[in-house]
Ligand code: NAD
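Quick heads-up: it's one chain on its own, the form predicted on its own, in structure tokens.
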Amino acid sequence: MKIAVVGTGYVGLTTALLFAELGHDVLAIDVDEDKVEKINKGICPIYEPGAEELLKKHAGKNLRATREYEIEDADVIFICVGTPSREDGSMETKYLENAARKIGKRLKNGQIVAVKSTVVPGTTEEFVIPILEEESSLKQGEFGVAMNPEFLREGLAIHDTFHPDRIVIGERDKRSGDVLESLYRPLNAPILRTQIKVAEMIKYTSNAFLAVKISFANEIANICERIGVDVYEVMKGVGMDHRISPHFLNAGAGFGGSCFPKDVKALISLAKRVGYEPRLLEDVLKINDYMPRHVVELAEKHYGPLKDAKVSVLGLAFKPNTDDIRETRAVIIVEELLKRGARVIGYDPKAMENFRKLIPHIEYADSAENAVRSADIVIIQADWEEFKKLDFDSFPSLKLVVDGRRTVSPKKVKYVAIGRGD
């Protein structure tokens, strides 16, 4: 088949690579000229393990990138543009609208438009379809529509794309569902076909539930600290219950990234719009905002006043194996340290340049060792494998390690961690 993918972020790029690997002809469309050039040269515009190898394999063969909406020959057009949060927490629709209008202007009878962007329930039918109809002068039914949410973890996006837990297809018409099912059938994953609005809600509910698990673990961690109990031991026992599972029960500095924060905010906004006060979801975000501040509180509690203390923050991306700094807890940690007068050194294996654009006025180290060498305190915000290899006991100036992710276990230097009960 001929497939067009609009948007080449984590979702769009991995979708394009999947269908190229499955033997389809893929056109990747993006407004960013730099991204387009890199993709056509086989250079991955984002850091995602496994992506560049696939890109080099298919770029210039059955995968091509362009800034133009050359969709006339496409059988299926996937919309994979971003839907970030507005200031009030609601979903920003301008990128989605722009993509829908440009697709609509060139849409032909029989083509299928599949929305893969994360959108609040009702968006595809009440927002996207009317735009497509307006711009194309066609009626839905003459063109197909589906909603096909993604369930990817950054850092493992290629693995999750090729080995999904499930494929969800929200269909407006049976033919669109049949075509999408045929595209995904080689993956041998369970396929759920449902209504469009249900598919949209499945995505938000999945992310909200995982966020709830993380904030619940952090709530228990804060109690454990006060009664001298290690939350990791507690959650080890809790996670053995097959009804709960151990996944997403690791207490730490909180969740970030492009999905959980914005999706919880959007679900809260949706709930309020329909007249419901989502107290649990609001508390999930409150706990998440508190945890990185709590990391700094632990440093102050176990070291003393932080004024003029040299503090190294290891891990600036929101998680390891990515260069994504969206909603990273490192921003809050660094800002809290600076408020207290600390001298901050930042280091991350991949996200340093992105973070430097956000916070240029701190010192940056060129290696983890150099970040730690002259530090009084080390705060671990993202658990990169590189940090586990450091011998923290070998740095004479180091007085304290505050571990936000249970990454290391030094023997001599003072060590504290969230929920450890020290």
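Just so it is clear, the structure is predicted and the values come from calculations on it, not from any experiment. Numbers follow the displayed sequence, beginning with 1.
Keep in mind that the form predicted together with nicotinamide-adenine-dinucleotide (NAD) is not shown, yet the notes after this line are about it.
Residue 410: touches nicotinamide-adenine-dinucleotide (NAD) in the predicted complex, heavy atom cutoff 4.5 angstroms: Outside the cut-off, so no.
Touches nicotinamide-adenine-dinucleotide (NAD) in the predicted complex: residue 362 (any heavy atom, 4.5 Å): Residue-level check for residue 362: no, no contact with nicotinamide-adenine-dinucleotide (NAD).
Residue 218, heavy atom within 4.5 angstroms of nicotinamide-adenine-dinucleotide (NAD) in the predicted complex: It does not: once nicotinamide-adenine-dinucleotide (NAD) is placed as it appears in the predicted complex, residue 218 has no heavy atom within 4.5 Å of it.
4.5 Å heavy atom contact, residue 31 and nicotinamide-adenine-dinucleotide (NAD) in the predicted complex: Answer yes; at least one heavy atom of residue 31 falls within 4.5 Å of nicotinamide-adenine-dinucleotide (NAD) in the predicted complex.
Stretch from 264-272, 345-353, 177-185, 150-158 whose residues place a heavy atom within 4.5 Å of nicotinamide-adenine-dinucleotide (NAD) in the predicted complex: Among the candidates, contact is made by 150-158.
Interface residue in the predicted complex among 117, 124, 312, 328, criterion: non-hydrogen atom within 4.5 angstroms of nicotinamide-adenine-dinucleotide (NAD): In short, 117.
Residues within stretch 1-28 having a non-hydrogen atom within 4.5 Å of nicotinamide-adenine-dinucleotide (NAD) in the predicted complex: Heavy-atom contacts to nicotinamide-adenine-dinucleotide (NAD) in the predicted complex: 6, 7, 8, 9, 10, 11, 12.
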